[in-house]
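Okay, here we've got a single chain as C-alpha cells, the form predicted alone, with questions on binding and movement later.
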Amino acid sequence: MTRIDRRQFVGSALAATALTGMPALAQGEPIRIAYIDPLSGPFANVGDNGLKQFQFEAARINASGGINGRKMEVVGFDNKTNPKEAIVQLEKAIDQGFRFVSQGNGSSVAAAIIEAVDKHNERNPNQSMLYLNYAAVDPAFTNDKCSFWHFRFDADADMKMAAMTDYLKGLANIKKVYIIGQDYSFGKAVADSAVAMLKIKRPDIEIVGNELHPLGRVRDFVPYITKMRAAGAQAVITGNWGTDMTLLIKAASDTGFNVPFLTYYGGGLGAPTAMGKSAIGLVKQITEWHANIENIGMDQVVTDFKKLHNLDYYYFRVKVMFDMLAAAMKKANSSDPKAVALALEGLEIDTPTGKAMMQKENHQLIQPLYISTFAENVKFDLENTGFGFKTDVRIEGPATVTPTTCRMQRPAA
C-alpha cells in the first residue's frame, strides 16, 4: 500500500472525521489550498508569481469576511514541474490535512494529479480532495479524461485555438504558418488543434513547419528562428510559456524576424521584457483578460498588486476561481470537497469582464476571451517596459464553447 492509498486515519482530527462523518475542518479553522507548482528550476519565476497571486486573492476574500466565517490560506509546495515530484508534494499536502489542491503549469503534471486525486478519493471517501486547475489546458482533462474531482478555470487549448484561427481567417495576407511548441501533451494538443482548424478555416494556408522542442531545456532559439525564416513563414503559432516563451521571442527580436506571433502566453512573465519595441504590433495573445481592457473596474486591483509585489497582475482567472469557490461554499454552506463540487456544477457568477459559468457536464469554465496585440501608449504597461496589450477582439463566453466527449463518473450519494 502506498502513502497515497492509506489516508483513512491521518492525525487525530482526520481520524475523528472518518469515524463521525463530520466535515474534516472545524468551523473557524482556515480553508486551506495546497498550491503545487514550480518554485525552483527553470519555471520557478512563473510558479512564484502564481503563488503570490493566489495569496493575494485569499487575502482579498479574507478582508471581506472570509467564507462562512472562515479565512482562506494558500501554502506553496514545489513540484519542480515534474509529475513524480508533484505526487510527492500531493502526499505531503494530504498528510497535512489539505482538502483543496491547485496547479496550473504543465499538463503532464496536471494529468498525474488528476489520477492521484481520483484514486485517493475512491479509497478515502471521507477525506476527499478537490483539484482546482487554473492553467493546465490539455483538452483531454474536460473530455475523455474528465473527472468529477477536477475543475478547470482557464479555457482549454482547443477553445483558445478556435478563437485564434477565427482571427487568423481574416488575415488574408498570411499564407504560410510555422507551428512550434513544447514537447509534451499540451504542446502536441496546440499543434494538432492548429493543423485541424486551419485545414477547415483557411485551407489556402501552408503549414511550413510543425516542430516540438524539449520543455524548459532550450537556451537558444535562434536555430529555430533560422528554420522559420528559411521556410518563408509569415506567421508563427505557439503555445510556449515560461522561459520557453521568453527565449523564443527574444531570439525572434534579436534576429529581426518580424512576423506576427500568435501566442497563448505572449504576456507571460519575462516575455514583454524580452520582446521590446520590435514586437509592437506583431505579438498577439489569446487570454481571458489583460490589464488594458476598458471600463471593467480592475484598475485598483492591478495597481495594488504591482505595489505589493512589483509584479504585474496576470491571472485574472485566479480571481474568478476564488470568487466562484467562495460562492459555491456559501451555496453549499460547507467546505466539504464533494459538497463544493456539486455546488460548482452549473454555477454562474458575474465577473468584471462578464458572466463566468462552470459547465456541469465536464467542469470547464466558460468566460469571455480576448485577442490582444502588444502595443505602446497603454495605460498599464508590463514589466516597466512602457509596452502592454490592447484589445483586438472580444469573444463572448458562449461563443468559446466546444463539444465535449466527457462521460463523467460521479461519486455515489
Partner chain sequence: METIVFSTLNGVLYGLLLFMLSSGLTLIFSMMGVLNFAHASFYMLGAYFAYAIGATTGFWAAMLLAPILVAGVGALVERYGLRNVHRHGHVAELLFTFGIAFLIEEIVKLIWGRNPVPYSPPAVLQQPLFTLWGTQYPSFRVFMMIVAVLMFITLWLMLKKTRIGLIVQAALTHPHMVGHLGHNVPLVFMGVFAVGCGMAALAGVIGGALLVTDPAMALTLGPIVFVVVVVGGMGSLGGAFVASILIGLIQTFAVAVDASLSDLLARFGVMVSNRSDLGRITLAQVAPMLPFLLLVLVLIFRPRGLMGARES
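Note that the rigid core is defined as the largest set of C-alphas that superpose within 1.5 Å between two forms. Everything quoted here is computed from the prediction, not taken from an experiment. Residue numbers count along the first chain shown, from 1.
FYI, the form predicted in complex with the partner chain isn't displayed, but the following is about it.
For the interface check, one of 329 to 337, 139 to 147, 76 to 84, 241 to 249 should have non-hydrogen atoms within 4.5 Å of the partner chain in the predicted complex; which one? Contact criterion met by 241 to 249 only.
Taking 4.5 Å between heavy atoms as the contact cutoff, choose which of 202, 120, 227, 309 touches the partner chain in the predicted complex. For this set of options, the contacting one is 227.
Proximity to the partner chain in the predicted complex, single hit among 373, 359, 62, 45 (heavy atom within 4.5 Å): Residue within 4.5 Å of the partner: 45.
Is residue 41 part of the interface with the partner chain in the predicted complex - any heavy atom within 4.5 Å? So residue 41 counts as contacting the partner chain.
Heavy atom to heavy atom, is residue 303 within 4.5 Å of the partner chain in the predicted complex? Outside the cut-off, so no.
Do residue 214 and the partner chain come within 4.5 Å of each other in the predicted complex, heavy atoms counted? The answer is yes: residue 214 has a heavy atom within 4.5 Å of the partner chain.
Considering non-hydrogen atoms and a 4.5 Å limit, does the partner chain approach residue 115 in the predicted complex? No, residue 115 is distant from the partner.
Is it the case that 321, 348 and 368 all touch the partner chain in the predicted complex, with a non-hydrogen atom of each within 4.5 angstroms? Checking in the predicted complex: none of 321, 348 and 368 is within 4.5 Å of the partner chain.
Along 254 to 287, which positions have a non-hydrogen atom within 4.5 Å of the partner chain in the predicted complex? Going through 254 to 287 in order - heavy atoms within 4.5 Å of the partner chain in the predicted complex - the hits are 254, 255, 256, 269, 270, 273, 274, 277.
Compare the position of the CA of residue 305 between the shown form and the other one after a rigid core fit and state whether the shift reaches 2 Å. Stays below the 2 Å threshold, so no.
CA of residue 247, rigid core aligned, shift of 2 Å or more between the shown form and the other one: Yes, shifts by 2 Å or more.
Say whether the C-alpha atoms of residue 77 and residue 242 sit closer together or farther apart in the predicted complex than in the form shown here, given that their separation changes by 3 Å or more. They are farther apart; the C-alpha distance rises by 3 Å or more in the predicted complex.
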